[in-house]
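Let's start with one chain on its own, the form predicted alone, as structure tokens.
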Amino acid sequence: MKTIKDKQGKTIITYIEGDGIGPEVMSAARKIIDETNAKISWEPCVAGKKVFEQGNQSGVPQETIDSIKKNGVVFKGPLETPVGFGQNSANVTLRKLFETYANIRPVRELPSVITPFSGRNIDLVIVRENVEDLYAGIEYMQTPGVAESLKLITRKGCEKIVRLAFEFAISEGRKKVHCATKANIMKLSEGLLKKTFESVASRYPEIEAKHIIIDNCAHQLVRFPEEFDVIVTTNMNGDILSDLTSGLIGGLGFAPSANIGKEAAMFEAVHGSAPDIAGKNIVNPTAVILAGVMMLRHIGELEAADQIQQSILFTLEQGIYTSDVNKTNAVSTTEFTKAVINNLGKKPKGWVDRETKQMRMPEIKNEIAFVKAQTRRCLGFDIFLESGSNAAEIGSMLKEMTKDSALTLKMISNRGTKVYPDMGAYTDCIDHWRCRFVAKDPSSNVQSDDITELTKSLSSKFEWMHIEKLWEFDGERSFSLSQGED
């Protein structure tokens, strides 16, 4: 991965102060890094709230995009994400623009930070896929009362994140990788990650590979967190688990992260902008400082990284805390920062450094990932209709409309449960119906013209909003069944 140096041989870092508490925590981290004399040149840029307020819907101006493209390394504060209205998350925009497909969030028990899990030797890492899944943000209001969010999982995305998880484990001398999914329910989307994990794991025989259901993973993390080493998972699941695991060791104030891609790497705290405490000089800057440590290691400033980490640990060991850790004798953000600076060069007792080496990035080909099936056959299609009629009425109308079609109505479902033909079950129906049509001849391959013709006919009676073909790839059904459907 590229880095750019100035005329003095310093690595140029795109520096984004952020929103809310961002200026406070970023200032603290920058002062500490500068005290180490690390060879860094800061290039200030903006993103987030101020940019949204200027009318930029992405929250990221072109000047910032150009800076990141040039430098390849970003150190950023938390950005405010709009809730419930039009703009996109600036954080997600940055991750998508630069395909920082891997989010790495280390979690390790810290000295003198007392939690219910103290003494359990927690030392694990969440490796989260960072650009796909529900967080791709592909959403629609299908009817005035029904919202849809598309969960897109790709084979290429799964392979990249799984390979990086194994490579990261090797770089830190770790012995075990868990893949956490909900493949028992979402057999195709989450199942694709599970299937890819099992395939890739065979290339890393020195690493123990285990699959675990995501809810059981959350359960086990609060029972036996010391049993985990590296956990790789999908985007939203990883977002949730990483917040859970940070709670095991003291909270989001101690949770750094790295967003890694082929062309750029971004380093930030896990926590948000916390506008309610902004400007009060009480926020814990440790997470951002530790993100700075990750950044320094990434660019090869290993001595400065070790020096800062040792100082942070020594400071905590001395019982110097901000109020989120202990309200008794709490210090301010600036006082904590000064303590860390004063403790540079000091080492904590009883801390065992993990021997690390530079992570080998998976090779990524810049080409369209076209996964080819040996055989494919279209068995029919689903069409989503809006109607205030009941299932029996809709079914009767659709049966009549397919008399002369190559397709026939197989079933109608409502919120995933089959309601036609009637199963005798109680379903609280809404005005959003999935109608499944299949070929009258089960051995035939349904043609697009057949689907188009039937859809045109349906349009005369119903408002429709979505169509999905029912594929069979390599002889395997490649779509889910509704509850109650055979």
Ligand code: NAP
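As the structure is a prediction and not an experimental result, all values here were calculated from the model. Heads up: residue numbers just count along the shown sequence, starting at 1.
There is another form of the same protein, the form predicted together with this ligand; it is not shown, and what comes next is about it.
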- Message: So if I measure heavy atom distances to this ligand in the predicted complex, which of the stretches 194-202, 348-356, 156-164, 278-286 falls within 4.5 Å?
- Response: 278-286
- Is this ligand close enough to Asn91, Gly253 and Asp324 in the predicted complex that each of the three has a heavy atom within 4.5 Å of it? yes
- Query: Does Ala209 reach this ligand in the predicted complex, with heavy atoms at most 4.5 Å apart?
  - Reply: no
- Message: Please tell me whether any heavy atom belonging to Arg95 falls inside 4.5 Å of a heavy atom of this ligand, as the geometry stands in the predicted complex.
- Response: yes
- Message: I'd like to check something about Val131: if you look in the predicted complex, is any of its heavy atoms closer than or equal to 4.5 Å to a heavy atom of this ligand?
- Response: no
- Message: in the predicted complex, is there a heavy atom of this ligand that lies within 4.5 Å of any heavy atom of Ala274, even though the partner is absent here?
- Response: yes
- Selected contact from Ser171, Ser118, Thr334, Thr81, since only one has a non-hydrogen atom within 4.5 angstroms of this ligand in the predicted complex: Thr81
